[in-house]
Structure formats: C-alpha cells, structure tokens
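To begin, one chain is listed below as structure tokens, in the form predicted on its own.
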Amino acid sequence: MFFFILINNNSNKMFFLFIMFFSTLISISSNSWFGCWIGLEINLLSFIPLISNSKNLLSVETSLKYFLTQSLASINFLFMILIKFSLLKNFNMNNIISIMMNSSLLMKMGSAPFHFWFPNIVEGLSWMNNFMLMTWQKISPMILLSYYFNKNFLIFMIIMNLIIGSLGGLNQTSLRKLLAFSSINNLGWMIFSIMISENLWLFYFLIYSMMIFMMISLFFLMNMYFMNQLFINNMNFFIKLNLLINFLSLGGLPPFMGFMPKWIIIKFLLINKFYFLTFIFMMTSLIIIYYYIRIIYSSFMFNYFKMKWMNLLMKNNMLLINLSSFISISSMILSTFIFM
C-alpha cells in the first residue's frame, strides 16, 4: 500500500528504495568488514533522499540530523575496522575493539544509550518513512552485530534499552515518539534474540515488523499523529477495537501475536537461569502495556462529535485492517498448540 503511494508521488524515490534494499543485502552478505561498511554507507545515502522533502523544512532538518548521526557511527565503525586489521590478527577477540564496534552499530540502530537522535528524527518523518526506519534500517546493523559482539556489554545495553524504552514512552503525547520508544524497548528483545540464534531473531523481527505495519497503516489511514486525535475522533467501534488489539499485541500481551516471540525468549532466559534479566524484561513489558492501555481506555471512554473527513480513507481499507487484527488474535491461539 505504501509503495503504491510512493510510486505515484515520485518515481525517483522508487529508485532509491531499491538501492536501500540492495545495500542491506550487500552489507549482510559481504565477506569482509569493509564490504559491510560500504553496504551501510550506500544504505545511508539511499535513505536520505527518501526522507527529505524540499517543501517541508522539518523533513530537511530531520534528514540532516540523520545524516550526521549515521556518519558519526560509520566513521567510528570504519576506524575500529582499520585498528582491528592493523593491530590484531583477524581472529583475535579484543574487548575494547568489540565494545567500540558494537557501540557504533548500536548507534546506527538508535539503541539506548545512543538513542537521543531517534525520537527526534521520528517526529519529522511521514508514517511510511517511520516504518522503514523502525524495521528495514535495523536489519544490517543487527546482523553485523551478531558477527562480533561482547556478551557482557550487550547484556548491559539490553537492560538500558528495556528501561529507557519503557520509561521514555510514559510522558509522550506524539504517537510517532511513542512508537519510537516502543521500538527502543523491542530492540532490547531483538538484541537478546540474536544472541540466542539468528532464526529466533528473524522470527521476532518479522512479527514485530508485521505489528508495526498494522499500527502505522491504521494511523496513516486515519491521518493521526498525536494522542489527542484518538480521543477527538468519534471513530467506528471496529477501528477502536483494531487499535486495542494491535496496541496490546505490540505490548506483548497474551493471547495476541506479539506475545509468541517474547514467550520463547523468556523460556530461554529461565532455562539458562537469567532470573534478574527475566525480571527486567517482564517489568518493562508491564510498563509498556500500562501506557498502551491508558491510551486505549481514554479513546474508548471519550465520545466527541463525528468528523466528516473521517470517512474519506477508511471505507476502502477496513478489510485490510480487520484481516490484520484477525491474524493477530488467531496466530497466538494456533501457536499455543505447538507448545502443548
């Protein structure tokens, strides 16, 4: 749906979109660190034309901020690769170098404590660009992170992501920033899943992308950017129900789809006696579910006048939204039978 809108708007953007896809493939299939770095750079240079819009000053500022943060992370990454090649034999593990390389990749993803650019940039992007930033742009840094990581450092970073992602979203009124902090929290889960296995990470990533796509398509179709718009619009009951299902699924509440990969990760944590980490994972998920329920509860309770312009986009696309919510509920019920 988004891609058709993109083609209609600008065929040049389609060209950059394909370069963005292929640059990720270059990065993750390269057999040298330099190839990985080149893939990341092409990815950066193809994403900036997608997010910049000369008619919108905020978007120009956003693309400049994105360029500066990403180039800083890239310089750091390249510097560490050069040091690794010149000072060490290829297979030596060095704590400082691995921490520095991990830090630059975490900064590229917008992970805490290098997350300060992320909510800021998300605020200046359209919903479609947000979807790409929160999903596709995380693939190559995440795969590169799995090649060479410092376990203790990453566990500390996971805890930071979980805490900042859950507490940061508490006082947000912008839906884009809310999804940005939710993305930071989910990044903690994703980093831990890639430390377990790449298949588990792929499974988590696909389900997370699907949930984010449902949320973003709902907000995109209703033209919503701030929380008070959810209260003002006297929406169709089914739309509110879809919002409820998708929010709770994103928070990871059973019996919705978002709980499934979190369940597997928690099971792994308990088997391997990571009790403190399990406690943090579960408590931060509770905080996130709390502020999702707070939004949904308010939008269900408040009743305002119906807006005329609300019916414009929604009539044609209700089938897609209802189908996505049905998948969200049914997939978890089916998956419970797998574990029985």
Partner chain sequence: MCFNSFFFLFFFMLINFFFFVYFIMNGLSVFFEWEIISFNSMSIVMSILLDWMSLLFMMFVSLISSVVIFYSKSYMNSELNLNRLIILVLMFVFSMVLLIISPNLISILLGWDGLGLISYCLVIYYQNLKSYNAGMLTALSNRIGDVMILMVICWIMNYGSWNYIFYFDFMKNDYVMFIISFMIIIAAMTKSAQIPFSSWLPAAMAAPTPVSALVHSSTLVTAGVYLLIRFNYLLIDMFFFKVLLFLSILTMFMSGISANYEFDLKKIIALSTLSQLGLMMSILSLGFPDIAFFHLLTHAMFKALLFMCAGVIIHMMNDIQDIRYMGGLSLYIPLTSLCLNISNLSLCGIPFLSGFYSKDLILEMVSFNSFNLMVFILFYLSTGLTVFYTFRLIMYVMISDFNLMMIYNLYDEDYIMLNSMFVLLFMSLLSGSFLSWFIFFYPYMIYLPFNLKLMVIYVSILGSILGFMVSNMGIYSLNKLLLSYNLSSFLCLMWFMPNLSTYGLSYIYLNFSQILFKNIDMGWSEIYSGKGIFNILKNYSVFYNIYQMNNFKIYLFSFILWFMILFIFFFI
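Numbering follows the first chain given and starts at 1. What you are looking at is a predicted structure, and each value in this text was computed from that prediction instead of being measured.
Not on display, but discussed next: the form predicted in complex with the partner chain.
Q: So which stretch, 164 to 172, 200 to 208, 129 to 137, 260 to 268, is the one near the partner chain in the predicted complex (non-hydrogen atoms, 4.5 Å)?
A: Of the stretches listed, the one contacting the partner is 164 to 172.
Q: Within a 4.5 Å heavy atom cut-off, is residue 177 in contact with the partner chain in the predicted complex?
A: Flag for residue 177 set to yes.
Q: Using a 4.5 Å heavy atom cut-off, state whether residue 245 contacts the partner chain in the predicted complex.
A: Contact with the partner chain, no.
Q: Please run the contact check for residue 215 against the partner chain in the predicted complex: heavy atoms, 4.5 angstroms, yes or no?
A: Contact check for residue 215: no, nothing within 4.5 Å of the partner chain in the predicted complex.
Q: Report whether the minimum heavy atom distance between residue 82 and the partner chain in the predicted complex is within 4.5 Å.
A: Judged by the heavy-atom cut-off of 4.5 Å, residue 82 is well away from the partner chain in the predicted complex.
Q: Would you mind picking the one in 226, 238, 148, 116 that has a heavy atom within 4.5 Å of the partner chain in the predicted complex?
A: Looking at 226, 238, 148, 116 one by one, just 116 meets the 4.5 Å heavy-atom criterion.
Q: Just to confirm, with a 4.5 Å cut-off on non-hydrogen atoms, which of 230, 100, 222, 155 contacts the partner chain in the predicted complex?
A: Checking each option against the partner chain in the predicted complex, the one that comes within 4.5 Å is 100.
Q: Within 4.5 Å of the partner chain in the predicted complex, which residues of 57 to 87 have a heavy atom? Give them in sequence order, or say none.
A: If the 4.5 Å heavy-atom criterion is applied to the partner chain in the predicted complex, 57 to 87 yields 65, 68, 69, 72, 73, 76, 79, 80, 83, 87.
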